[in-house]
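Single chain ahead, written as structure tokens, the form predicted alone.
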Amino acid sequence: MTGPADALVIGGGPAGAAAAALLARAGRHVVLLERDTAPRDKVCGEFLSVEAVRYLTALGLDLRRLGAVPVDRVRLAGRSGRAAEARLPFAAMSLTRHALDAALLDLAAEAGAEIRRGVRVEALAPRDGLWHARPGGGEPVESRAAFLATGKHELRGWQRPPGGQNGLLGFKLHWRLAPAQDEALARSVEIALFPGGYAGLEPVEGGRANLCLLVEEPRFAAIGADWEALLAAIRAEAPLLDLRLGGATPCTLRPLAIGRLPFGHVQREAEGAAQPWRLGDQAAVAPSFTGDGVAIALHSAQLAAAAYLDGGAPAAFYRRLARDVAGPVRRALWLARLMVRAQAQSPLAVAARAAPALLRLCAAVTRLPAGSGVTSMPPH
């Protein structure tokens, strides 16, 4: 590379890849550094809300061609196994992060972004009017602007503050369900409550189902920090999930796992003279049950790219992002705290069965506001 890049993007998930594509389409020299050498699965519910679908379609992705499956119903079940069911107030889809991330990085490359895989950034610092990234064992990269899109992982020196709900562990595992259970789950996302956490199950492409769950660290420690013991305990406490997994085959021997999730974090105007543009989970972390994480990531990418191209600064971008997402994230955080409390789970399940419209209401109030969606996209 001759001279500094216009923009350095660290992280190739939905936020980083979308930002790289938008900036490259606007004629900027973009370098994207992704630590993984090839697409892989991530700890994610893999739910694409209506907002996420709009952003991805506007970017130029054909989600059905990628294998995305429609999702239009939600079920919530507690320890009784009886489920409350409601139609979602929007059209949604489900697609694995493996497929989504690969497609978005290909899109960014087609737009002209320089994609470097297998590059783990060890340090990022502003100096002499430029950003300097030091990859482990690689060539340093200089750029005029830096976009931090490392997802739930932290970059040393640029850690996020704690969120409003900490101390949760996330696990994710794909399954092949028995035919009858696969048919019963079709077009639905099911949320099962259990003491100390909740699990989501939904269909994804390839005839699989994605199980993604959150559990409080003390609960996991109490059963010996053992995945098999945790799964057995959850199945005993969540009859609907146990029914779905009856006769099912896991697609891998072990789940993916992640900890220290700062749910409820919304980046405010940062202190200091030089700040990177934080995108996706680096900017806002919505509780998982909302299924709006990918939408928020894409929304942050569009807002940041537009502000940067207009000559703006990160501080103004953070103010706009907080205006759009702080309310939904705050409401989702309140619900998420109730969902992991054993004493609140039965009343929540009973209320949802008595008034299924509550599920629709919860889905509606934890979404990005109507006026914050796709505005304009560069041609693809």
Ligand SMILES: Cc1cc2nc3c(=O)[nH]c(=O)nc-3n(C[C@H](O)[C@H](O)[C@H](O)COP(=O)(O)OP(=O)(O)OC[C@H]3O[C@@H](n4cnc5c(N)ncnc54)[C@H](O)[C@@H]3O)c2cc1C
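Quantities reported herein were computed from a predicted structural model and do not represent experimental measurements. In case it trips you up, residue 1 is the first one in the sequence shown, and so on.
Another form, the form predicted together with the ligand, is not on view; read the next lines as being about it.
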| item | value |
| --- | --- |
| Candidate site Phe47, Val119 and His153: all three near the ligand in the model of the complex by heavy atom within 4.5 Å | yes |
| Segment that reaches the ligand in the model of the complex - one of 305-313, 145-153, 247-255, 74-82, heavy atoms within 4.5 Å | 145-153 |
| Answer option from Thr96, Ser288, Gln165, Gln267, heavy atom within 4.5 Å of the ligand in the model of the complex | Ser288 |
| Heavy atom within 4.5 Å of the ligand in the model of the complex - the one residue of Val43, Ala352, Val69, Val31 that qualifies | Val43 |
| 4.5 angstroms heavy atom contact with the ligand in the model of the complex for Val294 | yes |
| Interface membership of Leu201, the ligand in the model of the complex, 4.5 Å heavy atom rule | no |
| Non-hydrogen atom contact Arg35 with the ligand in the model of the complex at 4.5 angstroms | yes |
| Contact flag, Ala20 vs the ligand in the model of the complex, heavy atom cut 4.5 Å | no |
| Interface residues of 203-220 toward the ligand, as seen in the model of the complex [heavy atoms, 4.5 Å] | Cys212, Leu214 |
